[in-house]
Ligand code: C2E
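Before any questions on binding or motion, here is one chain by itself as structure tokens, the form predicted on its own.
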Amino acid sequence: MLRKIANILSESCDENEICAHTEADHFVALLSFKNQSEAIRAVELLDNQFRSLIQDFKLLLSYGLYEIKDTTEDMNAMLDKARTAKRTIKGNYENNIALYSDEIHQRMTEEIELSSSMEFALQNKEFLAYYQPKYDCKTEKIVGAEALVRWKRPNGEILLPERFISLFEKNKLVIKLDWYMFETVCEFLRKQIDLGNPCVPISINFSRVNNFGQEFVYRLISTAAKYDIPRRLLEIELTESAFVFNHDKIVSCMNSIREAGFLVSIDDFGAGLSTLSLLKDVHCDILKIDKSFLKNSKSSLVLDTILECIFYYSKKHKLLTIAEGVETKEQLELVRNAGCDIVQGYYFDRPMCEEDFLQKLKKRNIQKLPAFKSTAVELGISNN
């Protein structure tokens, strides 16, 4: 297949144009066109020829185009820009051709700057925990909260997670950030316990790039012990998609976390591919229903039936359910009527800073979560 692609590419080159196979399944070409539209049309014709090579399965190729305006520019820099454009649409089934632009350049520059400044940002405590309360569906009292990261830059700008989390997952810096957030939540809870303030369980997200072995479990236990936090105040949250990558290892780890006395929740439930098989393997306390279910707040027979089945299963197996992304009264009534336990979303509160969250807890009645059926196991480290 690679040889055939190389032949087609070579035959498409004029006398003053050149192409090459660089590595693996990567090809580069230096071609001449009058304008960008002509270049895109030519690439589309090439793509059709490449696709015709394989009849038994779909061949997906992605193309990055960089228009050379300065011929004295270093060739490696040119290739890097074409590759950067290509990476922006890799795996995209709707659009597989990307042009390098100032916007892509700005994004690439920002990614480099964010990556290089993260270590200092951690030391400088620029990452803040914002808390979004969770409400009981029936009583509308606060039963918990989720800790969400915000990055406050030295210039005062506050970055939302979508600006940096995916980048940090690529370079694995997110692992340090996850543990930083876990310790921040422990510090917060310890302070409130010492002051005699009301406390509710707080969930902390852990990225799928973490190494979910027994070392992960022991670090959770030792950090909670360091601050003397009752483990039932800490909810370990993992997205459903994480189980796709290393199913058996993560299932074993999550079961150990729950046995150690922490709350365990599966986030974005219903959005991934492993939903049904996941339920029989993972022992968890809470299912967080993916907010995609509520994109259309209008009740329908299909949506109502799906939600009712999820909530029925959860109650039968003594799991709590949380509906994320509840933004309207209609959405609240939809999940409430279907049997959901807890809701979280802009209808009640947006994520808020620590001070505002404490004021919210003091002003609004809180209620305890029901007792769970798991039993805490110390695993060698003493803690509440």
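Residues carry their position along the shown sequence, with the first being 1. Bear in mind the structure is a predicted one, so any value in this text is a computation, not a measurement.
Form predicted in complex with the named molecule: not shown, discussed below.
Novice: Tell me the stretch among 140-148, 309-317, 102-110, 223-231 that has any heavy atom within 4.5 angstroms of the named molecule in the predicted complex.
Specialist: Of the options given, it is 140-148.
Novice: Would you check whether the named molecule, in the predicted complex, lies within 4.5 angstroms of a non-hydrogen atom from each of 183, 235 and 261?
Specialist: No: no residue has a heavy atom within 4.5 Å of the partner.
Novice: If you check 202, 85, 174, 250 against the named molecule in the predicted complex, which one has a heavy atom within 4.5 Å?
Specialist: When the named molecule is considered in the predicted complex, the option within 4.5 Å is 174.
Novice: So which of 281, 178, 126, 187 reaches within 4.5 angstroms of the named molecule in the predicted complex, heavy atom to heavy atom?
Specialist: For this set of options, the contacting one is 178.
Novice: Please run the contact check for residue 64 against the named molecule in the predicted complex: heavy atoms, 4.5 angstroms, yes or no?
Specialist: Result no; residue 64 lies far from the named molecule in the predicted complex.
Novice: Is there any non-hydrogen atom of residue 132 lying within 4.5 Å of the named molecule in the predicted complex?
Specialist: Residue-level check for residue 132: yes, a contact with the named molecule.
Novice: Indicate whether residue 339 is a 4.5 Å heavy atom neighbour of the named molecule in the predicted complex.
Specialist: No - in the predicted complex, heavy atoms of residue 339 and the named molecule never come within 4.5 Å of each other.
Novice: Would you classify residue 207 as touching the named molecule in the predicted complex, given a 4.5 Å non-hydrogen atom cut-off?
Specialist: Judged by the heavy-atom cut-off of 4.5 Å, residue 207 is in contact with the named molecule in the predicted complex.
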